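One chain comes next, on its own, written as structure tokens: the form predicted on its own.
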């Protein structure tokens, strides 16, 4: 996420003044974009939630990243050549800004300041993205389903500044996000409750060990 400048003003000026940006809305479960055409897109999620999803050649589904308001995504951040299908799906009603990154050095006819502002803060944006991806790698390299669950719960708790929080995704999506079998994950959740490490009420998680 952006941190050292006013994201709301930035987005407003960007969407209203730059001729090279597009704003689109999407319904739940609609595909926002795919990473197949190599358009080098930079996207900003203005509202809602979305997932970057991979389908392998056998049709297996993995949630690579989960996006919320003001998060960045797009092909510009994912240069890996792969035969697997990568796409961004809306998990709720979403509004998204689309921009072709290659246009950053080509000012539009209105002479808007977006290009200069984006270029100025690009190192910060890249560092934020790297931090997010490193956290994701650390999560996926946990050896057991229990370790993955506990680390994920700890991350959400830290972000929410609370031991009690709502899961931002369904349990099926959580299993895909953690790259674990859903049945095995449900068994581990039951064991975590029995061990008095967490409590679960519907989609609400309460950490008992922090």
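Just so it is clear, the model here is predicted, and its values are computed rather than measured. Positions refer to the first chain, counted from 1.
What comes next is about the form predicted in complex with the DNA, which does not appear here.
Participant: So which of 64-72, 150-158, 172-180, 42-50 is the stretch with heavy atoms within 4.5 Å of the DNA in the model of the complex?
Facilitator: Checking each option against the 4.5 Å cut-off leaves 172-180.
Participant: Exactly one residue in 57, 184, 31, 36 has a non-hydrogen atom within 4.5 Å of the DNA in the model of the complex; which is it?
Facilitator: Selected residue: 184.
Participant: So, residue 24 and the DNA: in the model of the complex, are they within 4.5 Å at any heavy atom pair?
Facilitator: Taking the distances in the model of the complex, the answer for residue 24 is no, it never comes within 4.5 Å of the DNA.
Participant: Counting only non-hydrogen atoms and a 4.5 angstroms cut-off, does residue 144 reach the DNA in the model of the complex?
Facilitator: Because a heavy atom of residue 144 falls inside 4.5 Å of the DNA in the model of the complex, the answer is yes.
Participant: With the partner left out here, check for me: in the model of the complex, does some heavy atom of residue 188 sit within 4.5 Å of the DNA?
Facilitator: Result yes; residue 188 sits at the interface with the DNA in the model of the complex.
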